[in-house]
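One chain follows as structure tokens, the form predicted on its own.
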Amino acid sequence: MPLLETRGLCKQFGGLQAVKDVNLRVEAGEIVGIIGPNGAGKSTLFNTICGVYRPSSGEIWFAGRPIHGLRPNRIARLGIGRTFQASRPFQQLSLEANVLSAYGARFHGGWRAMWGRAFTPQHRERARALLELVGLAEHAQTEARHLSLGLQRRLEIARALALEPRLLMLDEPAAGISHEEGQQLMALIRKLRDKGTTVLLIEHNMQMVMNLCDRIEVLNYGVQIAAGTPGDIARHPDVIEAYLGKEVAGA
């Protein structure tokens, strides 16, 4: 039984079919990449899985239970954490407080109920452990607004991990960061997988996708056009025509 599965998933906005009949399977312990040109439906697929959008038709199953139609907070509590294309930390809060805010939200329904209860010694210890895991322990008391984009990406991952997810969904985690930061990010994602977190990611950095992912799903105009190992995808004629280009295929 896959950890995550979509069955005939569709999302339509008026006359636009953003996601059409997508059948996605993610097994526990995998790193799976979703690629495709801009406008292919990748973020719409993410948002539909996470409950931001309700599917127009089809089903979404997580850990053996249907989650289509559930609200985002309920889906998060079931074990799905995610990051977004744009980093959105609380700029005036320290990194530790940013992680504490996410950790508290896992257990409490609103800010007033959560805020006073999240700042316990146990929760602070957990927040510091997550910052250590993503390589930000030395910046724990730094305000988030002082971080570089690469470090903000790591903070976003730490906040998502505070939800204690079984599945971590990363939306373009390498966007705008340097090559060195990208290499460090790949090492972090592998570490998370080795610790038991399954990873589903959208990414345009093809070097990262090809070197990091166990399997790759390709979307074009909302439709799955290919799925397979990185080697399979690099040689797939439809993928080459729609997205990769001859240069990548021949690399």
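Computed from a predicted model, the values in this text were never measured in an experiment. Note that residue numbering begins at 1 and tracks the sequence as displayed.
Separately, the form predicted together with a small molecule exists; it is not shown, and the next lines address it.
Proximity of F62 to the small molecule in the model of the complex falls outside the 4.5 Å heavy atom cutoff. Within 4.5 Å of some heavy atom of the small molecule in the model of the complex lies at least one heavy atom of A18.
In the model of the complex, Q85 approaches the small molecule with a heavy atom inside 4.5 Å. In the model of the complex, the small molecule lies farther than 4.5 Å from every heavy atom of G29. The putative spot formed by P37, T44 and Y53 is fully lined by the small molecule in the model of the complex; each residue has a non-hydrogen atom within 4.5 angstroms of it.
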